[in-house]
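Coming up is one lone chain in structure tokens, specifically the form predicted on its own.
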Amino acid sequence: MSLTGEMNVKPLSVNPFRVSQAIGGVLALQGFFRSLPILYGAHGCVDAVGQLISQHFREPVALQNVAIHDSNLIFGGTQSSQEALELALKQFKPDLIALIGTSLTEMVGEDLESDVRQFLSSGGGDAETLVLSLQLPDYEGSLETGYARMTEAVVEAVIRRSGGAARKKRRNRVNLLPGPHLTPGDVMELKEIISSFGLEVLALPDLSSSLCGHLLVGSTGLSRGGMPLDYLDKMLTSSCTIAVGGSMERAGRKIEAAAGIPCHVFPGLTGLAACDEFFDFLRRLSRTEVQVKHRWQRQILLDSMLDAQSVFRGKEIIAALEPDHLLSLSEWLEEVGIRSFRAISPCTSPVLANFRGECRIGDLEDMEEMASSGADLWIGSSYGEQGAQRRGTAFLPMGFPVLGRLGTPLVVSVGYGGTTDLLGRIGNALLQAERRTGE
């Protein structure tokens, strides 16, 4: 693998696709029941965050913001943030509320942690509500790091609230920490797979029950679905934690250090080898054999790989995605026999050291250069679609955001069945490109 490090990133990002950390933080909180993120940033930024998430998932999003005035930036915004917390608690009565700082508050030196501490010590909130704060500036990281850091912050808060008391473990209970590269459909599929071994699954965050689509009546300013706060406490009684994606490892290690629950990290659960390892792990953990349904799905995947061999052989694929997504995809594409896989990541990550192929830190201008040098397929978010059209390269939407398409949150790419579906989606895109080239 060749990787261009952060120090060598070009000074001007011409056509960026990096998604703000704050969006990742807001997205993670949608996976906790009755939660409310409060962004401490400019009004326009907050509106853009809410609209982007809603357009991708086609679901309403819980989000409020602190009203910022000139005086906040000059004299400090402690009073405004505390008034916003008090108003939100009084009006919405959330179970979990998080004050999220942006680049603006970071640069003027706002101490959100101190603001929350003062608010709680002065009698704000109640014993039942979890109140926390987190700085997620735009100038570092990406959606993936924001999502992972918010999950870690919630895990830390739950551990602090538990008081560190030893808890009796449940052998058949498992924590699942799904990374942001997994769709709500993926999370639902993983919960079903783990449950098929007789194990109880606690997914955190759980987007499968909040952004997968529902027909609940009424309106609320809080997140619908997701992991309830009282269930979160039970994560300290699980027998193990499964983290999917390297970005989620830190949260899993926090649980391991606090409660002695071992954490197992799976870089991705797409592909034959990755699924075999995952199913074997679940079989040994539960002492239960793999169900017939999944055995059949494995046979179907093997047959599909044979059918698609001629389609993938010799192809060159490029992608612009988050680091965990790139690593998972690179390991699977190696299985199906493509000639090369080159990628652009929006930020650095330790997981990219294991990337199979060429990976650079860059923007969509770099992707267009890659496409110009020869590529059969461009994989990435909707931000890259116009660039792919300009270069005449076939395009397959993936990652975040995917706009103007239906069913994106329900797409499944994990497990034997999900891998077969992904094989079909990418294979058909390659076949369509071949037909267009031949016309």
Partner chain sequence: MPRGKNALFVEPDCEHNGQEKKGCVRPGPGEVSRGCPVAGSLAALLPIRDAAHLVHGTSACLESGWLEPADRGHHGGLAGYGFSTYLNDRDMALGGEGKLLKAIGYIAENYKPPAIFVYATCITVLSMEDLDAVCSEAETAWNIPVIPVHSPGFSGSSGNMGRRLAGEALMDRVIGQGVEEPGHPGTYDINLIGEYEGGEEGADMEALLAKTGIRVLSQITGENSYSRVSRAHLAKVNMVVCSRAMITLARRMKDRYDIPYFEGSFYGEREIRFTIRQLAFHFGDAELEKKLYRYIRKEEERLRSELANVRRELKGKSVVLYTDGTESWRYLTLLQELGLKIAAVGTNRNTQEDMSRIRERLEGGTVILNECGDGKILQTFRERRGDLMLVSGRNEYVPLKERIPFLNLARDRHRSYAGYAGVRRLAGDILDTLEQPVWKLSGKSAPWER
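Numbering follows the first chain given and starts at 1. This structure is a prediction, so every number in the text was calculated from the model and none was measured.
The next section is about a form of this same protein that is not shown, the form predicted in complex with its partner chain.
Colleague: Looking in the predicted bound form, is its partner chain within 4.5 angstroms of a heavy atom from every one of E249, E316 and R425?
Modeller: Looking in the predicted bound form, the three residues E249, E316 and R425 all stay beyond 4.5 Å of its partner chain (heavy atoms).
Colleague: Only one of these stretches, 410-418, 64-72, 27-35, 372-380, has heavy atoms within 4.5 Å of its partner chain in the predicted bound form; which one is it?
Modeller: Of the options given, it is 64-72.
Colleague: Residue-level contact is defined here as any heavy atom of the residue lying within 4.5 Å of its partner chain in the predicted bound form; does E331 satisfy this criterion?
Modeller: It does not: once its partner chain is placed as it appears in the predicted bound form, E331 has no heavy atom within 4.5 Å of it.
Colleague: Flag L52 as yes or no: does it have a non-hydrogen atom within 4.5 angstroms of any non-hydrogen atom of its partner chain in the predicted bound form?
Modeller: Close contact exists here: in the predicted bound form, L52 approaches its partner chain to within 4.5 Å, heavy atoms only.
Colleague: Just to confirm, L431 within 4.5 Å of its partner chain in the predicted bound form by heavy atoms?
Modeller: The answer is no: L431 has no heavy atom within 4.5 Å of its partner chain.
Colleague: Please check if K254 has a heavy atom lying within 4.5 Å of any heavy atom of its partner chain in the predicted bound form.
Modeller: Close contact is absent here: in the predicted bound form, K254 is far from its partner chain, nothing within 4.5 Å, heavy atoms only.
Colleague: So which of E189, E358, E152, D138 gets a non-hydrogen atom within 4.5 Å of its partner chain in the predicted bound form?
Modeller: Contact residue from the list: D138.
Colleague: Exactly one of V108, A353, L120, L302 has a non-hydrogen atom within 4.5 Å of its partner chain in the predicted bound form; which residue is it?
Modeller: It is V108.
Colleague: Does any residue in 359-379 get within 4.5 Å of its partner chain in the predicted bound form, counting heavy atoms only, and if so which ones?
Modeller: Contacting residues: E365, E368.
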